[in-house]
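The chain that follows stands alone, in the form predicted on its own, written as structure tokens.
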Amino acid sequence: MFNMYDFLNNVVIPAIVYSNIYALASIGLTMTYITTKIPSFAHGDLAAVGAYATFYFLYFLFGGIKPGSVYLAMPIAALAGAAVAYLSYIGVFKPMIRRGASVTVLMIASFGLHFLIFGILAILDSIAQTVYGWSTRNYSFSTGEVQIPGLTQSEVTAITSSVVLLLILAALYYLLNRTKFGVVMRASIDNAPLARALGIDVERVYAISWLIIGAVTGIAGIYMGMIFPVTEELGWLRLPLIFVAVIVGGLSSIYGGVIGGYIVGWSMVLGFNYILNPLNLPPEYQLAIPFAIVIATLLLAPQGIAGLIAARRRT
């Protein structure tokens, strides 16, 4: 018998939370590909950087994770993610692009960058454990969520993550469509050689874009830490599904990544509740559902959903 309360709490609320997490992470990866055509395997590590920056900030400031405190740390997570993303572009990808490195070479370099960031986080973890006695692995930010009377923690997370996602999308829309920098950025992305001929500093535009990429992904790391155990692999373990979201939504559209994030989130929750559970299959098979969707998308619409929508508008 259908129970609306159970449906809301077991399907709708978790689906919204998962969708918002993957949508936030997909925005940054889409921008990475749009600007530099790099399918970066270090992208998930920016989320881990944001999560760990939040942890250290809260422990130094409050001595722990207090109710509502994660939102005070969001600017810190954004700054940390932005700094690491900027250094990644300036120190690794930009010099290689100037030397004519292929996409394959850049992709392999992103693997190396992943292990570098992973190693640095692991070293910082060990230092924090040794010097301060903090438990810096497998913790959760769920206790740092705001408390609203009458609402469960999952409901609050669904609401706040939706608000954060909408604010970020509104800010990006305004930046890209209502500012001079947005015009310059879109020109650099659409035709970099022509933009250079017109006197636009394309490399500077890309560097600023990577700051935005890191900031958004760092914030995504906080919400990942509310649902998944925080370790150095927090973003790395989510990376395959972030790629699924980006590919399904469309590599050429930021908003397509958001659509893909929602497809991933809903497919995982619906699949778990209405396919895996009735068949008594282990939850590990949950990952097969979004990957089946990406295969179907590539067969039917290789350009992704956003590309398919854009093509239909032109006809």
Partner chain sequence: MPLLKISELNAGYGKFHVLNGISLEVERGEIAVLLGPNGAGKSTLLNAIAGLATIYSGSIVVDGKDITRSSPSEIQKIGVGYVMQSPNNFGTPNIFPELTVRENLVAASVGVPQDAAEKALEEALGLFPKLKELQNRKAKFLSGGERQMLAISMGLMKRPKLLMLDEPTAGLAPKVASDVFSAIRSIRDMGITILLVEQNARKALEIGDRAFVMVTGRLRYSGPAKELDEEKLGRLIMGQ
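Numbering follows the first chain given and starts at 1. Predicted, not measured: the structure shown is a model, and the values here were computed from it.
Keep in mind the form predicted together with its partner chain is missing from the figure; the text below concerns it.
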Practice prompt. Could you tell me which one of 83, 97, 200, 169 places a heavy atom within 4.5 Å of its partner chain in the model of the complex?
Written response: 200
Worksheet item: With its partner chain left out of view, which of 109, 227, 195, 76 would have a heavy atom within 4.5 Å of it in the model of the complex?
Response: 195
Worksheet item: in the model of the complex, which of the stretches 237-245, 218-226, 182-190, 150-158 has residues with heavy atoms within 4.5 Å of its partner chain?
Response: 182-190
